[in-house]
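Just one chain is shown here, as structure tokens, and it is the form predicted on its own.
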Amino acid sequence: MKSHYVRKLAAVLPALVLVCAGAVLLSQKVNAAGGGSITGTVKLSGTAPHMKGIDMSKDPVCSKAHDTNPAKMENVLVGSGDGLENVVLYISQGLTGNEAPSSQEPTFAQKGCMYTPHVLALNVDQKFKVTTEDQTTHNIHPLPDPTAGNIGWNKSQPPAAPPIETSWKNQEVAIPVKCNIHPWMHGWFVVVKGPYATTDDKGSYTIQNVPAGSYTVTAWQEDLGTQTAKVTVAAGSAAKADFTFKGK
């Protein structure tokens, strides 16, 4: 009798496994379909500030990289339609606190003795790579706030050096980064929790995978400060949040 029940269980078990797996996959699809987004633009009102040119003559490799396109500071980049580039948008209120970090592994590149992108947004514990494409040595040096809980570092990257792979352990808006060898090199790491986005050269952005709910969205710009907006996201829909910064 006992062996009879064992045989029946052995016959039914594979079917149960398939049913459970199907339920998990269906749940994942439903959750993905129910995710909304927050979209909009960030613009500058008034005259765009002049971005000073950069003198790279002390390093011939850097100078040669900009023979036909002289390098300029990138603190405030204004594109078509007065759109502000490199503004980070993130959800500062309304999240559950259980959001997993992004699975993407972005790259912070040293190219032409400049940082690309100038501003890199990241989740807490999200891995990222620091790379170099230059035929000169760089010394990348992030400077987190000592009270924020992140640990700064200072690492050299000679030509063809392998990527530096790392992450940040705590939220911090924002961490400046410099090169000790090339003093004009300047960029930012913006470390947040939950979904985020960075504006393109038209000032446009979309924060993806936002669960239904009411939120406060913060827009951060390195020279112009921060602004906030309240939004309500419906399941599977896009909410709108536009921002306008005034030039100094």
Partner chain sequence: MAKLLAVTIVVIAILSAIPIIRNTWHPLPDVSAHGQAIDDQLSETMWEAGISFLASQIILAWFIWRYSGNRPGEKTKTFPGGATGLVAAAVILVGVEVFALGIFGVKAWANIYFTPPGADAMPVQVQAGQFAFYFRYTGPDGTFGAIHPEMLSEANQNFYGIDTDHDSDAKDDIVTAEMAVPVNREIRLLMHSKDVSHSFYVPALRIHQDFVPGLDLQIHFTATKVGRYEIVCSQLCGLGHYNMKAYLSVLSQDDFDAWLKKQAALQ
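Positions refer to the first chain, counted from 1. A quick note: this is a predicted structure, and the numbers were derived from the prediction, not measured.
Beyond the structure shown, there is the form predicted in complex with its partner chain, which is absent from this document and is the topic of what follows.
Contact here is defined as any heavy atom lying within 4.5 Å of its partner chain in the model of the complex, and by that definition each of Pro60, Met73 and Asn139 is a contact residue. Interface residue among Ile207, Leu44, Ile54, Val190 relative to its partner chain in the model of the complex, by the heavy atom within 4.5 Å criterion: Ile54. A heavy atom within 4.5 Å of its partner chain in the model of the complex is found for exactly one of Gln93, Ser103, Thr96, Asn154: Asn154. Its partner chain in the model of the complex is not approached by Ser214, whose heavy atoms all lie more than 4.5 angstroms from it.
Lys127 falls outside the set of residues with a heavy atom inside 4.5 Å of its partner chain in the model of the complex.
Under a 4.5 angstroms non-hydrogen atom cutoff, its partner chain in the model of the complex lacks Lys202 among its neighbouring residues. In the model of the complex, none of the heavy atoms of His66 sits within 4.5 Å of a heavy atom of its partner chain. Of the stretches 119-127, 167-175, 103-111, 73-81, only 73-81 has residues with a heavy atom within 4.5 Å of its partner chain in the model of the complex. Residues from 182-203 that approach its partner chain in the model of the complex with a non-hydrogen atom closer than or equal to 4.5 Å are His182, Pro183, Trp184, His186, in the order they occur in the chain.
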